[in-house]
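One chain comes next, on its own, written out as structure tokens in the form predicted on its own.
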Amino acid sequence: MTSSSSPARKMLSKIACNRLQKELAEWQASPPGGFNYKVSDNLQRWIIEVSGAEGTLYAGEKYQLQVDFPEHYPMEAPQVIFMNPAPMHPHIYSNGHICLDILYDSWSPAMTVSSVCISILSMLSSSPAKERPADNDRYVRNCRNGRSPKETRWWFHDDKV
């Protein structure tokens, strides 16, 4: 996913900057297992490498997450997508958009980048099959003009994976 697919971003608020600096310091001191932050001077966009958990369909595989923080983080959820190539998963579209309630309707300011990453790894690890969502082609076609996943009205109906 390229930056052209991201919505126009405003500068981070002072609260967002302080929170992200704190989260980054905690991450660098004790990163969650299976994740590696790619060092950058851009506090508003993090690139995080995800390693598939041992004993799962994704063991030994590596993917990258792009995390874009809005002006009013943590009051507003970050936009989190998989960069190309996105893993084959029933809740991950081929354009990298992730259907996971905590990224949208169930977001809480108490959540952190680490807790989001752990939820995504848990979602990957619990998948019984590598497959795309049934509506992948239609959804991706409708997102061609750079629509953000945060503009989607998600229907969360499957809590098995």
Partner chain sequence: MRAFLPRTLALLCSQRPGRLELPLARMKVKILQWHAVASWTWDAQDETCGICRMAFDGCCPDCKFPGDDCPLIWGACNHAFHLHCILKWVNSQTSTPLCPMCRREWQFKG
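Positions refer to the first chain, counted from 1. For clarity, every value in this text was computed on a predicted model and none was experimentally measured.
Only in words, not in the display: the form predicted in complex with its partner chain, which the text now covers.
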Query raised in the report: Considering its partner chain in the model of the complex, which of Leu57, Val50, Leu100, Met111 comes within 4.5 Å of it through any heavy atom?
Result: Met111
Requested in this report: Although its partner chain is absent from this view, report whether Pro74 comes within 4.5 Å of it in the model of the complex, heavy atoms only.
Outcome: yes
Query raised in the report: If you check in the model of the complex, is Ile15 within 4.5 Å of its partner chain, heavy atoms only?
Result: yes
Query raised in the report: Is there a heavy atom of Lys10 lying 4.5 Å or less from a heavy atom of its partner chain in the model of the complex?
Result: no
Query raised in the report: With a 4.5 Å heavy atom cut-off, would you call Ser106 a contact of its partner chain in the model of the complex?
Result: yes
Query raised in the report: Among 111-119, 42-50, 131-139, 61-69, which stretch has residues whose heavy atoms lie within 4.5 Å of its partner chain in the model of the complex?
Result: 111-119
Query raised in the report: Considering only 17-32, what residues come within 4.5 Å of its partner chain in the model of the complex, judged by heavy atoms?
Result: Asn18, Arg19, Lys22
